[in-house]
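First come two forms of one protein chain, each written alone as structure tokens, so that there is a structure 1 and a structure 2.
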Structure 1
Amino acid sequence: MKQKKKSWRSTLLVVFLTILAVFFLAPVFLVLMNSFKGQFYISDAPFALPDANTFVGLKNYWNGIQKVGFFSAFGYSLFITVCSVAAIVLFCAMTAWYLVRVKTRMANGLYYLFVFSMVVPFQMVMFTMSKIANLLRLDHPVGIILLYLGFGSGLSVFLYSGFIKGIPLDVEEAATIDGCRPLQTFFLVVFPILKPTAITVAILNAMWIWNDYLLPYLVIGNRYRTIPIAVQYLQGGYGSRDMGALMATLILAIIPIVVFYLACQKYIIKGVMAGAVKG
């Protein structure tokens, strides 16, 4: 009897969660549906399915891709994200390891400086940072990597340090006795141990950099559009914008994220969890 009651309850729960999941996906489906309608039919009746009158096939996609240069935007976003994340994962690990192992007053002070930078919102430095980037000729997709390394180093050094503090010294001492120089010790012994944290650092930074709008807009926005800048670029004046191209570009912007998410779901969820617990 009790068993029966329980299964009835869990069926109800599944139904409830399914309805909720549909609501969660609805906004994205709404955009997808509208991306196949003519641009003048979108604002007037966004909930209507495309019909013979309003269906325009892939025309919006073609428009969107051309108007914003979507493929080059995708290329810039991919290049900047991959290179910045690689730089952050490697250099912040080296810095964190050094700061934890060499306990001078300088190293300690530097560590707290990195931690402090986590509290500072981007608006505090956005103007001066973009001016300095111009001054130093860092206003191109390669230069911006340095800015991401610098601005992202606070959280990443912090996450790595937390993990490194828990690694016993014995392994590294053994490596030194066996004749490893510090650089060898780091790359052959320490870095492989850091892998779980490296994944967390990579996921958190990739999510931030791929979606970041303001920093690339202020530094390289005039000449190089990343995907968020491309989407914002379609906004134009209110009313005059091409809603069809906007819908199509939104879908194009979401596709890489969904593919990446489904492929690396396990790592993403683990990484986000670990990052939250330590941060």
Structure 2
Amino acid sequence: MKQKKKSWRSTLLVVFLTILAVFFLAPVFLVLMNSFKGQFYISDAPFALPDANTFVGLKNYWNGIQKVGFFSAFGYSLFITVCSVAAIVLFCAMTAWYLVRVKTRMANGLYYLFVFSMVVPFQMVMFTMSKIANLLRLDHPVGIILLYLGFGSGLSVFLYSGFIKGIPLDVEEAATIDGCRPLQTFFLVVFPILKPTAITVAILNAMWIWNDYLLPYLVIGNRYRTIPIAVQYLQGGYGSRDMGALMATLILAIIPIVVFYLACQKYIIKGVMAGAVKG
């Protein structure tokens, strides 16, 4: 009786999750389908599959690449995302290790400041931040990396700290006895153990930074267009839009981050559970 009840619940859960997945994937499929249709047919029949009259092949993709300077925007997005994620993964791991192992009031206070930063809405500080970034000459692709490091450090330090608390201190003491200095202990002993959480931090921040529109728009603007900013410029005057090029460019924009996520997604649950439960 209990097995039948458990089987019924499992079946119901699978059905529910399948329906939920369809709802999440339907907009992506709709964009993909319309990216192969002529511009005017997208508005007239957005839910119809492409046919002999509406199918335009890769024309929309070529138009989108030309109109927005896709490869330039892709380069800026890739540079900012890779460098920002690398900085967050490394420096937040070092910060969390220090805050967990150094038992002082200052370290404890800093930890809670990092945690508190997660609940502060970006809209609350965005105008002050953009003004300070301009005064400090951070309004370029290298400068914005420092801003992403600041905004991404709250959640990252929280996840790292929870995982580090579960690492036996004896491991680090053994490395010290063997002659390792603090930096050697971190890079040779601690950081390799942090791999699941490091990959989780990298995935979460890469998805956020790659798709972020507001921060690059406020800080670097139109001079260094990232992909979200470039896509926005497909909207012309008086609300006119090249819907075909827009759909195609959106597909090109999401492909890299989807591939990255699928390649690393198995580490997300493991890293989040390790960082949140142990903390």
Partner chain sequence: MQKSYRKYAVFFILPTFIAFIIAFLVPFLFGIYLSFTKFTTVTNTQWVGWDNYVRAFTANRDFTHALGVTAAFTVVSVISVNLLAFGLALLLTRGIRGTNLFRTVFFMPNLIGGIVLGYIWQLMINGLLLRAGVDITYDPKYGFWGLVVLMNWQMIGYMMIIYIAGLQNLPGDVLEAAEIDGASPWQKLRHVTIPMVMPSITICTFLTLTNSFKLFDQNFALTAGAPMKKTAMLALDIYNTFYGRVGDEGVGQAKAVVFFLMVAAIAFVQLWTTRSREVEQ
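Only a predicted model underlies this, so the values are computations on that prediction, with no experimental measurement involved. Numbering for residues begins at 1 and runs along the sequence of structure 1. Only the largest set of C-alpha atoms that superpose within 1.5 Å between the two forms is called the rigid core.
Asks: Only one of these is the form predicted alone, so let me know which.
Replies: That would be structure 2, which is the form predicted alone.
Asks: Superpose the two forms on their rigid core, then report whether the C-alpha of residue 70 is displaced by 2 angstroms or more between structures 1 and 2.
Replies: No; residue 70 is a residue whose C-alpha shifts by less than 2 Å between structures 1 and 2 when the cores are overlaid.
Asks: Align both forms on the core first, then report whether residue 36 has a C-alpha shift of 2 Å or more between structures 1 and 2.
Replies: After core superposition, the displacement of the residue 36 C-alpha between structures 1 and 2 reaches the 2 Å mark, so yes.
Asks: Is it true that residue 214 shifts between structures 1 and 2 by 2 Å or more at the Cα, once the core is aligned?
Replies: No, shifts by less than 2 Å.
Asks: Taking the rigid core as fixed, quantify in angstrom how much the C-alpha of residue 26 shifts between structures 1 and 2.
Replies: Here residue 26 registers a C-alpha shift of 4.5 Å.
Asks: Residue 17: how big is its Cα shift between structures 1 and 2, in Å, with the core superposed?
Replies: Spelling it out: core superposed, C-alpha of residue 17 shifted, distance 8.6 Å.
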